[in-house]
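Just one chain is shown here, as structure tokens, and it is the form predicted alone.
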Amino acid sequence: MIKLPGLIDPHVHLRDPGGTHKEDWDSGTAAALAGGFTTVCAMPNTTPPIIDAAALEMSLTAAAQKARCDYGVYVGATLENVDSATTLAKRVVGKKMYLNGTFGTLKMEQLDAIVAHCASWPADKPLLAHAEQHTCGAAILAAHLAGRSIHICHVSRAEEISLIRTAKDKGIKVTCEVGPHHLFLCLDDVQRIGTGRAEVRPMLATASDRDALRANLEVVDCFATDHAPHLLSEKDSPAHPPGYPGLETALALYLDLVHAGIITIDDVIDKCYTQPRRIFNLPEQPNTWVEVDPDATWVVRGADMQTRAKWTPWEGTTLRGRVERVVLRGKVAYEGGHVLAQPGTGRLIS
């Protein structure tokens, strides 16, 4: 058994408000605890999107009533809220710019808006971007010209991690994250998973892209699941929305990298705790830890998961490494496959 600090996932989608049939603050934070995460940061592409004070209040009210682990929320960037978003800065973890298509309505393509958001957002609050390929370069440059840092979400391609490495070497203030599905899956896995179920943003890339991420893990500041649940009926429909549930399988996948000698346990702690705390300015959680059996094997079954989505792209896979116990602020929150923390016991971190 090994003891880890309470892990942090800085990138989850909990679908509350507007999509609670597939996840809400209750089921999503239960999934987090089952996966060893005691803090989650929720993205703003809900319905309505979290782009103003009214929508933020709706999300925070639901979280205060339902969340079982600690939490924060991001505000989304739009063409219209360059100035008004700054008034919410103290209540949110950071601001998210969507520069490529994904689930929701927050895509923002105009370069002048990107520049304006980079210039207006407080320098001491994180600024994040869903930025793929050429928009990755645009986001990094706009933030650099504004004299501030930027965090690139779910890097998925060799060209992106190469650009970020070069930017860091030049002293540019950029951080980035990689998700477990981009470290383990590629286009070769689509047929096995199923076309609709494999749909995700950023899309699964080539095996060479996946291998480039693994070869450049020293450039990756943190891991983030991009937990993005949808029901199987939705994934198997002609529309098949993008995203995978990931909170309950992520740690075992990271431990797979440890077992393979690619990273160490200390690297897992660094990328799932130390660096997320630093990048997102998160408080300590006293008397909080996770107990993990790194050698326990288990077969992944979506039906057994806490997430309301009840499916996983790793269905039937045998993983090695299992969360046995989670203690949050001195109280047992998860043990032996059971979530013990009650709805509403989580705390707002921002």
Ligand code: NCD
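Because the structure is predicted, anything quoted here is derived from the model rather than measured. Residue numbers here begin at 1 and follow the sequence given.
Form predicted together with this ligand: not shown, discussed below.
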Using a 4.5 angstroms cut-off on non-hydrogen atoms, would Phe103 count as touching this ligand in the predicted bound form? yes
Any of the heavy atoms of Ala228 lying within 4.5 Å of this ligand in the predicted bound form? yes
Does the 4.5 Å heavy atom contact test between Arg157 and this ligand in the predicted bound form come out positive? no
Within a 4.5 Å heavy atom cut-off, is Val219 in contact with this ligand in the predicted bound form? no
Specify the contacting stretch among 69 to 77, 242 to 250, 108 to 116, 164 to 172, defined as having any heavy atom within 4.5 Å of this ligand in the predicted bound form. 242 to 250
Go through Ile279, Val200, Ala142, Leu88 and name the one with a heavy atom inside 4.5 Å of this ligand in the predicted bound form. Val200
Among Thr288, Ser27, Ser59, Asn45, which has at least one heavy atom within 4.5 Å of this ligand in the predicted bound form? Asn45
Residues within stretch 317 to 347 having a non-hydrogen atom within 4.5 Å of this ligand in the predicted bound form: none
